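Next up is one chain by itself, shown in structure tokens, the form predicted alone.
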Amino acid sequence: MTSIEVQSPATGEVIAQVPDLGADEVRALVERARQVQPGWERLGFDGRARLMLRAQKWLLDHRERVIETIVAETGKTYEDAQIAEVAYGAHAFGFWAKQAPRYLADEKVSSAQLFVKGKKLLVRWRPLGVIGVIGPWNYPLTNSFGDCIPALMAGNAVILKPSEVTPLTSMLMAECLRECGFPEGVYQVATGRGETGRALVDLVDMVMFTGSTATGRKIAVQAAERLIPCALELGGKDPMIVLRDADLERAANAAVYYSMQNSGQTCISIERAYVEAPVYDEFVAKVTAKVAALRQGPGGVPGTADVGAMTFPPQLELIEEQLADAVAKGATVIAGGHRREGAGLFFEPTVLVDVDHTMDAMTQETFGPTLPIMKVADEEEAIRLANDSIYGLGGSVFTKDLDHGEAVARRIHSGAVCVNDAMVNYTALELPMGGAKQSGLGARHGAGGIRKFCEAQTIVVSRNFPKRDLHMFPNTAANTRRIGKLLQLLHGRGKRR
């Protein structure tokens, strides 16, 4: 079996080696998962919740070790790992333990249809079986293992295929669940490259994928060929609209934080800003000063860096290509703009102006620490340009008029829009998080975020009085008249409505 070297993006050092699993090894994992899943399902919500709460405590007790692992394999800062990964994971364990019984409870249904009068009508949610989760490299806990939590709480067995760039956190969480008493085989990690993921899709009962739109299309096709469900959280090019009455200090702080956090490697990062002309110059000046003050470097020690390394080497080349394209078409780089020399994968926090939609930096996902800012005449132009994208994951609007801000937010074609903030919708697990257009299919979080790992089953229970059932009547003239009267009654009810 071949292996994969895991490197630290901040230093370039090899920090681990993991197996590159082939199709046969993946098949063995799935077979094991199928054996253990029925017992896990029979454990019930209460039994699974007890183990989830143990895992929550384990994560908090071992948070420094988890943060160290995340920082080592992603290159992000200590604070990014602490706030956006460990805090999310701890909350998710408790949230799904509490909410799964409510979201997946049997639903009693009433109907005006006479053919089911007096019958018991139920809709129930049952686990699909074995779920394949294919995770990204930017958030190995939140967006890889995080999707496993509701899938497990629903009663499924889960096989997580993490990115080959950042597999160590997923493996550490296997240790967590094992020490907390989860059955062996109910959660397994399939380390490997693209072939490992393709083998997994060929064998599981449902796929949850987070990553690029290009790869998402391939997975959707593969899942469709097997007629299995899939959920896809894909790319984004999230717009920020700054209206002329916005609190510019708040807007500038948000623009810098939410475009540079995790080195911009977040699907719902602010990737482009549209600012009304009367406040454009002041906004740009504030943003430029704040970006210039950012500290960049290895972030393993708390309080030492604001922006960490890039995790995936090809992203640096993509950023350079987008900047070169923008400058060639008239854009101006007013902060940053270069790959940092020396060890590690670092790209300077960058601000671009004089931009427009002929440039890839304004239309294609960047996934890096860059912020292009475009001057617009008014909010109508800002809304039109914000919607001029194949993506629709998130967005933000900044204004002091909250009602007006909400009205503008409703016109943005995105899965989520924040007013006077950005990205915070992701922290509220009660809210569905999904994309419009080419940003994905389905959603994580909310009721739909766990129901997608289940199939709905309808149950109709009839009392033992067959003579009263219409379909039991013999075809006699008397019964024909009786059914006719029932239909007249039904028609009369309809007219009265």
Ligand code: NDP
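Quick note: we count residues from 1 along the sequence shown, nothing fancier. Because the structure is a prediction, the values reported are computed rather than measured.
This protein has a second form, the form predicted in complex with the ligand, left out of what is shown; the following refers to that one.
The ligand is not shown here, but in the model of the complex it comes within 4.5 Å of a heavy atom of Gly194. Shown alone here, Lys161 lies within 4.5 Å of the ligand in the model of the complex, counting heavy atoms only. Within 4.5 Å of some heavy atom of the ligand in the model of the complex lies at least one heavy atom of Lys218.
In the model of the complex, at least one heavy atom of Ser212 sits within 4.5 Å of a heavy atom of the ligand. In summary, among the residues Trp137, Tyr78, Tyr103, Tyr88, the only one with a non-hydrogen atom within 4.5 Å of the ligand in the model of the complex is Trp137.
For the candidate set Trp125, Tyr280, Phe182, Phe312, a heavy atom within 4.5 Å of the ligand in the model of the complex is found for exactly one residue, namely Phe312. Using a 4.5 angstroms heavy atom cutoff to the ligand in the model of the complex, none of Glu73, Ser263 and Glu348 count as contacting. Only one of 92-100, 171-179, 107-115, 359-367 lies within 4.5 Å of the ligand in the model of the complex by heavy atoms, and it is 359-367. Contact annotation for 229-257: residues with any non-hydrogen atom within 4.5 angstroms of the ligand in the model of the complex are Glu233, Leu234, Gly235, listed in sequence order.
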